[in-house]
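Here you get one chain, nothing else, as structure tokens; it is the form predicted on its own.
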């Protein structure tokens, strides 16, 4: 019997959080090793675990997988969250790609200067409400189902829900009434789960220390 997937990343959201969400939605328990020192990171590099010298990295089914999109695609396919045929997979990829674009505006937020954070906050809300959320509302309306693709829950739905909650942390009433009733997701949203909180100064300091990242990112 295969062991639990093991996730290597920081004790925070970043690019690993979507992987945590997808595993949680699939009902899969996982272990985590948090990177807190440069030495831990160097050990992974020297051991050949990081093909492109970057995290996230996930040990699963005998593989040491890197590249977030590849990891997510594998998990989605393994746990039947990737559509029933090639056409549905293409739609899921398209919708996930759009959600990724929106998330990109949010992921850099903790690493911005105070001045740029104010600007970026406005950008996030504007992009979400005028471009991305209306697009998904149209997809759902045209599709006539409770799901973005086909007639069942998929990676696209999970990714969108994650993005909605991220934007709601910036503007609480951005999309009232969106359902959070999927049992595995509901469990992941409860206190004590492996979902990570909003990135704080400690998380930013850890990432900078481990990756030797000593400059502020720029707002989009």
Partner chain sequence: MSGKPRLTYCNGRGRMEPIRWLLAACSRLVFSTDGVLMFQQVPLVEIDGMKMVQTRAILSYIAGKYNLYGKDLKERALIDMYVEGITDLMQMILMFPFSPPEAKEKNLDSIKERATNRYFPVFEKVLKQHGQDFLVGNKFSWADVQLIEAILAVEEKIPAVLSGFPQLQAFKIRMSNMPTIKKFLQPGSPRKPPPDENYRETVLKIFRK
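Here the structure is a predicted model, which is why all the values come from computation and not from measurement. Residue numbers count along the first chain shown, from 1.
The discussion below concerns the form predicted together with its partner chain, not included here.
> Residues in which of 58-66, 32-40, 161-169, 190-198 have heavy atoms within 4.5 Å of its partner chain in the model of the complex?
One stretch meets the cut-off, namely 58-66.
> Check for me whether its partner chain, as it appears in the model of the complex, comes within 4.5 angstroms of all of 51, 130 and 135 - heavy atoms only.
Every listed residue reaches its partner chain in the model of the complex, so yes.
> Answer yes if any heavy atom of residue 146 is within 4.5 Å of a heavy atom of its partner chain in the model of the complex; otherwise answer no.
No.
> Do residue 73 and its partner chain come within 4.5 Å of each other in the model of the complex, heavy atoms counted?
Looking in the model of the complex, residue contacts with its partner chain include residue 73, since a heavy atom lies within 4.5 Å.
> Report whether the minimum heavy atom distance between residue 94 and its partner chain in the model of the complex is within 4.5 Å.
Yes.
> So in the model of the complex, is its partner chain close enough to residue 112 to count as touching (4.5 Å, heavy atoms)?
No.
> Does any residue in 97-114 get within 4.5 Å of its partner chain in the model of the complex, counting heavy atoms only, and if so which ones?
Result: 97, 98, 101.
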